[in-house]
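Coming up, as C-alpha cells: structure 1 and structure 2, two forms of one and the same protein chain.
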Structure 1
C-alpha cells in the first residue's frame, strides 16, 4: 500500500509541477509581448524624430525624448533579465520533474519486486529475487547477502553476485563495519564512492536486514554498475524499504522450511509407529 500511496503522491507532485510550468510559460509569453510593445514604441519615437527633425523646437524637448528612450531601454533590459530568470526556473522545474518521474518509476518497481518477494516461501527463490532487486533497482555489481547465526553470533554469506560467496569472510557480531552495522541496525555508506577501494571487510554500503529492530542479516555492496557513479536520494529510501521487505521474506521462508522439516519428521515417526 505504501508503494501505491507514494505513487499517487508522486503523481500529484507531477501535476503540481505541470501547473507551475504552465504558469511560467504564460508569464514568459507576457514578458515577450511587453518587450515587443516597448521595442515598437522606441521605433516609433525614433521614426518620428527622423521624419520631424524640426519638431522639437528646443533642447528641453530633445532631452525629454532621449530620457524616455533611455528609460525604455532600461525597462527592456530588466524584462530580458527576468526572461532569463524564468528560463532558468523552467529548467530547474524540468529537472525536478525528471527526478520525480525517476522516483515514481523506482518506487513502482520496488512495489512489484516486494510483491514477488512475498509470493513465495522457498528460501532459494527469495534469495534469488533479492539478488535481482539489488542489481536492477540499486545498480550494484559486486555484493553479498549475509545472515546472522544467532547460535554463534556470526554473519555468514548465503548469496552473492559478482564475487564468490566463499570469498566473503565470516564476521563476528560487532566486528568491523559489517559487524557493527549488524549490531546497531544502522545503514552504512562510505563518504567518497569515487575513491573507494574494494575491501571485503569494509564494504562501500552495508544495509542491515531488519524486522522492526531485530537484525537477521546484512546486504554488503562492494561496487556499482559502470553507469551508476553515485547514489541518488531515492536510493537511500529504496535501501530502507528493501531491507524491511527482504528481511520479512527471508524470515518467513526460513520459518516455513523449518516447519516443513518438522512435519516430515513427525510424519515419518507416525508412519513408523503405525506400521
Structure 2
C-alpha cells in the first residue's frame, strides 16, 4: 500500500515540477518578446534620430531658449536706450518750446510797445507811452528820460517817474556815466544790482536813445519795482530794441511839432501880408 502511495506522490511532484517549468518557460518567452519589442523601439528611435538630426533634445532646447533669452535681453536694452534718447529729445524740445514761447511773448510785447510809440506824433503822448513801457515791461520804479540839447551839448530830463523831474541833474555830454554813455552810445548796467545805492549822477542803468548811431538822449533807471530783483536775459535785448523805437518816436514827434510851429508862423505871415 505504502509503495503505491509513494508512487502516486512522486507522480504528483513531477507534474507540479512540470507545471512550474512550463510557467518558467512561458515567462522566459514573454521576457524575450518584451526584450525584442524594446530593441525594436530603440531601433526605431535611432532610425528617427538618423533621419532628423536637427530634432531638439532637452539640452538643445534649453540651450536654444537661453540664446533666445539673451537676444531678447539685448533687444530690451536697446529699446530702453532708445526710450532714454527719446525722453532726452522730448526734454530738449520742451525746453526749446519754452524758450521760443518766451521769445514770442517778448516779440508780441515789443510789437505792442512800438505800435503804441508810433501811434502818435504828439511829443507829450510819446513821452507818456515811454514811461508806461518802462514801468510795465521793464519793471522800473524810479527813472527818467533825458534829451540832448545839441546847442548846449547837455542832457536834461524831459520826463520822470518815481522822482521829480527837477531833481534830475543837467549833465554835460561826456560827463560822468550818463554823459559818457550819451557820447559813446553804449548801454550801461551796474555790475552789482543788489548793492546799488541810488545816485542821480550814477544810475543803475543808462540806455542811450539812438537813431542809427546818433544819440538824442538817454533813459536812466535808479530803482526797480520791489518784486523785480534782477534783470532777465531778455531785458537787455528789450532795452535796446525799445530804446531804438522810443528814439525814433521822440525824434518824429519833435520834428512834427517844429514843422507845425513853422507852419503856424508862416501862416501868420501870409495872413498878415494878405489881409
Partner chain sequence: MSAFKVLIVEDSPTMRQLIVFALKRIRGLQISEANDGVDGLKKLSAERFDLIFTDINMPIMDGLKLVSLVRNDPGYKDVPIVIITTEGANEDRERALALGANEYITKPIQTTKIMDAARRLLPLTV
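Positions refer to the first chain, counted from 1. Heads up, when I say rigid core I mean the largest set of C-alphas that superpose within 1.5 Å between the two forms. Note that the coordinates shown come from a computational prediction; the quantities given were computed from them, not determined experimentally.
Remark: the form predicted together with the partner chain is the source of structure 2; structure 1 originates elsewhere.
Relative to the superposed rigid core, the position of the CA of residue 74 differs between the two structures by 2 Å or more. Superposition on the rigid core between the two structures places the CA atom of residue 36 2 Å or more away from its counterpart. In the core-superposed comparison between the two structures, residue 104 has its Cα shifted by at least 2 Å. Superposed on the rigid core, the forms differ at residue 83: its CA is offset by 10.9 Å between the two structures.
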